[in-house]
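Only one chain is shown below, in structure tokens, and it's the form predicted alone.
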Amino acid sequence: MKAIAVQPGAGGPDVVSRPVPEPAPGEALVRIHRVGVDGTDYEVIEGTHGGVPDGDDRLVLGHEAVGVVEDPNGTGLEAGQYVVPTVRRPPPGVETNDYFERGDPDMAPEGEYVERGIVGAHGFMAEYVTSPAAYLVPIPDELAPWGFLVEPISITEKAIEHARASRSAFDWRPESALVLGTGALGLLTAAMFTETLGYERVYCLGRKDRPHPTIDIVERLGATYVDSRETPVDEVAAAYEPMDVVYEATGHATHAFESIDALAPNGVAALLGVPTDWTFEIDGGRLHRDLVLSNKALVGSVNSNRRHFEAAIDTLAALPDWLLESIVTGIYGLDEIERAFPSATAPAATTDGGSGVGPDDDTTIKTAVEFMPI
């Protein structure tokens, strides 16, 4: 079978040949339909994030996938059923651990998991993959063409769940949200705030010049585009309004601290970006004081679990077709993977599930590789 693999830090991805995997007991064989490309993939390609499986020098990419069950292998799944695979698995040689037993692999600390297509385990950019049935989430046939968007949406489902949990001690009624980042994840999240979560006022911060397709998407959603070159994050509250929620999907380290200034009293910022090391100065005393006296909170969030995938499928069904068609700017076959990875050495911030940052083609928002047409 064909797969897309990379030697991290040694160049772009290549199409390689690998044997079709044999499902072990409890596993199903899945024929892959489409796999999304996101910022995490670019960091893996660069060698700045993730890593190859033990004993291998290459990693099969891909963690945003949708496929069809080829061989249920006695799992209870049905042949021909479309499924979306989750990302985390127990480490090699470990059948399970407490986090996986509880259904919370997304809360496991480093070393207690591997992530398919990211660190320690091959991903889903292959014609066939195997997986335990517990990590395969059924998706309706009509949503299968967009199923590779379930994983990034699930990342936001978890982040919002944790943001709400941090405010659960009182009657919190958020109305305003600021999304930092206009990649695919930022745009999907802005759409969730406007279309499914019921926020009254939504803002999306980016660095694009008009006219630009991402700005068109933001404004068609009824949200307000904020140019960070004119209004930095820590000036948004004064220029527009203090925000009940800030959703950070840029991986730009200063945004974590600038978000405190953007928040309204009792507000919460969900941080998803994974920046590289960066030393800079902040007024820690002032920010600490503001967090305490204004009951603000910062919440870090990474990965997602099956419950979030199931919620993401419901969210995907509720999003308008025009939005999905606008965000996904290209779906490419194995004979044109250079178009799926338009800049395989571009710098990219990552959010584990994808900021959409990576390609330096300014009009590329989200691409996917198609292994099998529906």
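When you see a residue number, it is the position in the sequence shown, counting from 1. Values in this document were obtained by computation on a predicted structure and should not be read as measured data.
The same protein also exists as the form predicted in complex with another copy of the chain; that form is not shown, yet it is the one meant from here on.
- Although the partner is absent from this view, Lys158 contacts another copy of the chain in the predicted bound form, with a non-hydrogen atom inside 4.5 angstroms.
- Remark: Gly111 does not count among the residues lining another copy of the chain in the predicted bound form, judged by a heavy atom distance of 4.5 Å or less.
- Another copy of the chain is not drawn, but in the predicted bound form it has no heavy atom within 4.5 Å of Pro211.
- The closest non-hydrogen atom of Gly93 lies beyond 4.5 Å of another copy of the chain in the predicted bound form.
- Heavy atoms within 4.5 Å of another copy of the chain in the predicted bound form map, among the stretches 171 to 179, 212 to 220, 76 to 84, 234 to 242, onto 171 to 179 alone.
- Distance criterion of 4.5 Å from any heavy atom to another copy of the chain in the predicted bound form singles out Tyr99 from the list Tyr99, Tyr135, Tyr225, Tyr199.
- Each of Glu248, Glu281 and Val302 is positioned with at least one heavy atom within 4.5 Å of another copy of the chain in the predicted bound form.
- Contacts between 269 to 297 and another copy of the chain, taken as any heavy atom within 4.5 Å in the predicted bound form, involve Leu271, Leu272, Gly273, Val274, Pro275, Thr276, Asp277, Trp278, Thr279, Phe280, Glu281, Ile282, Asp283, Gly284, Gly285, Arg286, Leu287, His288, Arg289, Leu291, Val292, Leu293, Asn295, Lys296, Ala297.
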